[in-house]
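Alright, two takes on the same chain below, each alone as structure tokens: structure 1 and structure 2.
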Structure 1
């Protein structure tokens, strides 16, 4: 997921952790293996250190340690998302202090790969689990032919909507973005609520919708690490920004930053008819108090509207993976942990049943229990079978840049201007192109 997806979701589902010292051998990362959150079960086994922030990591690590005699995990939660990244970047710069295995969101992998901070796990048996994932899921953790992490969860996108609002105004879930705009206008004309929201603080959503229309923001080949293609002001990117800018200008959607108390209160109170989000959203929303009061039972999900109904494109928002760091003492053993942690049936089941994650493991995606699950947040709707699994399996993957965080910051700044009415979508696209291209060149990249 992300400050974008999983970060916000995890923030909404706080957990208390009791720290306990752990014993055991020193299989790798021994300098940071002294403050484990979990207990070491097999004292004689080598230890692999892990940083991760999932809410149910305590169960996941215990499941792994109880099932392995050859290796044990020493887990620490050093912060969620950005907090962890800051600590990891410090360790990368210092050349010490990093764990053996680190949780990263897929769109951050290239940033650390180009710094030489991550191991190509295909050299240590990482490809052995490739068969467990869709084409798109595997592409997201790969840079060229190299593989820099093992996928865990993802965020195939869809449209959550209020059943009560749709019923009141006589509309059905729009299948195209043109229909979305028409329905938004119909609801507004009838005195209804905003149809959706364009939060400037969700630039990853905008990127996904631009890719859905045919944009290719970045091209990057790790065999030529200083060459990068940057295309942020192409016609597809401009069209999508202009579309949403038009919805804002016509007051059909709101401009509230998402993952905030004000936004959540709006969702609960029926201020928005739809929420364009991902498969992890039920966990985030319910953890934030949505669907537990008068709004209980009012939410449903539908496939993401398409720009071209004859050429449907599935896109993703969020998702995390386990990467092996170059500071790991035993890279093969660390790869075993990265590919095996959160991969057992008990951990995966706990994750999806409690709506902590949307698993990417095909063993789960093909299981009867997951496929036919009647999701309580959606009033028993079989959203996995009908919406999210098809979306995940149709997802082809994104190409991220080595400076994805900088790009998101620039796009967020321009989205804020679009929301304020001081800039058109096309102008925003041109501004993002200029700032990102300039930045890339200053970082020593050749931009095409």
Structure 2
């Protein structure tokens, strides 16, 4: 009995040790590359650690490592968006544990730049890739002459819709938000599905839609880091929130959180006639199983509805860049990685062909193959030429706050209340303004 127990214990320990040992993998003494998701091709080269969540990142990293003898990338996916930001934020606060290069969405750069977490890569040769990007795209990652990241992709917004549902209820893509509401009502009256969805967990979409109507949520100049303008309850912001609050109240759109299994299965099942989203959305949808079954070829894209059709405004959701962190051991090599990773033709092509990125690299944006691509997810529609490139070209850039994470959390909480019917859009706008303003003052900003 006793002997048996001992044997069992010993073998359990042995199994555990051997299983865990498999995880040991490459690396060794160096504190940088312990466990890479990818293979290191050139074992002798120094290694730069990267956090990123692009769906095709594995291929991108292989492309980079195969093409570089002087440096190798060790990549980890620590989670998408918020999950990664939590980890990065923690590492920044602790002063340890950050990777050398980190993937950040454009709206989060100021958040980390103000904490001194990001390196000005222009000092390490980062400007060498400036020529590949439009002035606007480069402006989004720089402050004056300082550059805090190398842009990869953008998120020009458009409206994805179900052709089958539109055909069934006899509607054409709405060009204004007024039409969007009328069409939604029409579909509902005919017993059709929801027209769209107001997920509380995508506050960045709400912000973009408010900006589309003329809102200017923040004024912030990183060269004067103590001043910030917070204007979240102006009439445009209130109008847009009230508009969506009204759609929710009339049960024209759903209140399901996005990026969840429930939402995806709703999209697959034709529960929503439209999806207000960005150029990278098709790749995310198709990877999650959308457009492969009965819904195959049923999707199409149309320009984002406007408030004033004669005066269209283009807005953006998402789109990321690679930043070098101040914790990077070799900032020059890290800059080489930040500017060179996902910048080779093979990676970019894989990215845009699968629609997981809308590239900002001008070489791709202007290439025939990209412009005239017939996208399978949209049943062969040439969405780049017709929808996304014009939207990107018309996008004028946003100004983000240095506490964007907090702002999004507040907006998300208030959106949830609007969705629950316990608050109107205007009340939500006022509440967000109040809490963000209080927070900014508490953080020592002069708020205007």
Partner chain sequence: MTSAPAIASPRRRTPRVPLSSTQRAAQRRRAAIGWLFIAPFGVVFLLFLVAPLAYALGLSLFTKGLATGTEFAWFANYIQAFTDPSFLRGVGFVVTFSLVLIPIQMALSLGVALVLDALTSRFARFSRLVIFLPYAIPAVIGAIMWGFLYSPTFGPLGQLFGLIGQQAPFLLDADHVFGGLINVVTWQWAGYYMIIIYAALQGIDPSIYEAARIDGASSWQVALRIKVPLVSNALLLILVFALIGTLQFFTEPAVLRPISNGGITPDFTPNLYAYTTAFSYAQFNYASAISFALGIVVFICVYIFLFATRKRGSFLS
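C-alpha atoms forming the largest set that superposes within 1.5 Å between two forms make up the rigid core. What you are looking at is a predicted structure, and each value in this text was computed from that prediction instead of being measured. Numbering follows the first chain given and starts at 1.
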Shown alone, the chain in the form predicted on its own appears as structure 1
Rigid-body membership between structures 1 and 2: residue 337 with residue 235: no
Smaller rigid part's rotation against the larger between structures 1 and 2, whole degrees? 14
Would you look up how far the C-alpha of residue 83 moves between structures 1 and 2 when the rigid core is overlaid, in angstrom? 3.6
Keeping the rigid core fixed, work out how far the Cα of residue 330 travels between structures 1 and 2, to one decimal in Å. 5.2
